[in-house]
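One chain comes next, on its own, written as structure tokens: the form predicted alone.
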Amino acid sequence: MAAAGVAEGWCAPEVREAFPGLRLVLAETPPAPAGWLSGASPAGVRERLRALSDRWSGAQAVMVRRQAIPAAYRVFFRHIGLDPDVQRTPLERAVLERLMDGGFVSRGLLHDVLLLALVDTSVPVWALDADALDGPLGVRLSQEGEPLGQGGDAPGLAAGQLVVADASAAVAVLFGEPSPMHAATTRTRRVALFALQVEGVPAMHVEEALWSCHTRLEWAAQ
């Protein structure tokens, strides 16, 4: 059963058949004042980033891919045609950046909240502008040449890519960044959060990642 405030997105039949363990999990923050996502993160968030930085040594970073949840995402990457040694999974990429930067660097409230959830649970979470969406989110296959997002400058997609979509458009390629017109920004009033559960990743961890983001964002908006 999903945690309070967490919902499940739809999945196209052909995607469900090919990837029965794939699940799109959603949460949404309540409306907040304009500009609430701009500026530095609260002190508590920055302190948590510093504490996590101290826990991730070079040796731990090398071993991360052997942990159960990161390993499950690596397996899924290969199932969908991605080489995780070339296009790194979200946690491996975050840990590599931590080693290069000397720590998990604070880059603003939304970035930091998503990063904390990822490092704490090993589950990546993405953020969209809820007011830019047309209906509920789900996972489907792209059509040849359809745009990622909307607008004349939106890049075209190849046929058969797995995408997160609303009723009108593909808003993100699976494990890729959202389209600019759908991504949450400092102008966003309501944040739509989504996470991807794959075979081998417990639902509890996915819901914890979303709950972590939702709770920290809701607290910051007060």
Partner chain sequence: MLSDVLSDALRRQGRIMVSTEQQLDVDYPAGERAAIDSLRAQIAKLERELSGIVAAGFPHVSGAAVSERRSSPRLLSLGELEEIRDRLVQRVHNAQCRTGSRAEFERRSRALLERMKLEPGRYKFVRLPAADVGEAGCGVYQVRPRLGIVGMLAGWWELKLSSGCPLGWGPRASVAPGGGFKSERAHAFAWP
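Bear in mind that the values here come from a model prediction, so they are computed numbers and not experimental data. Numbering follows the first chain given and starts at 1.
Same protein, other form: the form predicted together with its partner chain, not shown, and the subject of what follows.
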Query raised in the report: Hey, in the predicted complex, is residue 52 touching its partner chain, heavy atoms inside 4.5 Å?
Result: no
Query - residue 87, heavy atom within 4.5 angstroms of its partner chain in the predicted complex - result: yes
Query raised in the report: Any chance residue 19 has a heavy atom within 4.5 Å of its partner chain in the predicted complex?
Result: yes
Query raised in the report: Do residue 91 and its partner chain come within 4.5 Å of each other in the predicted complex, heavy atoms counted?
Result: no
Report task. Tell me the stretch among 39-47, 161-169, 187-195, 24-32 that has any heavy atom within 4.5 angstroms of its partner chain in the predicted complex. Result -> 161-169
Query - Single option in 132, 116, 82, 137 placed near its partner chain in the predicted complex, where near means a heavy atom within 4.5 Å - result: 82
Requested in this report: Give a yes or no on whether every one of 65, 74 and 173 sits within 4.5 angstroms of its partner chain in the predicted complex by heavy atom.
Outcome: yes
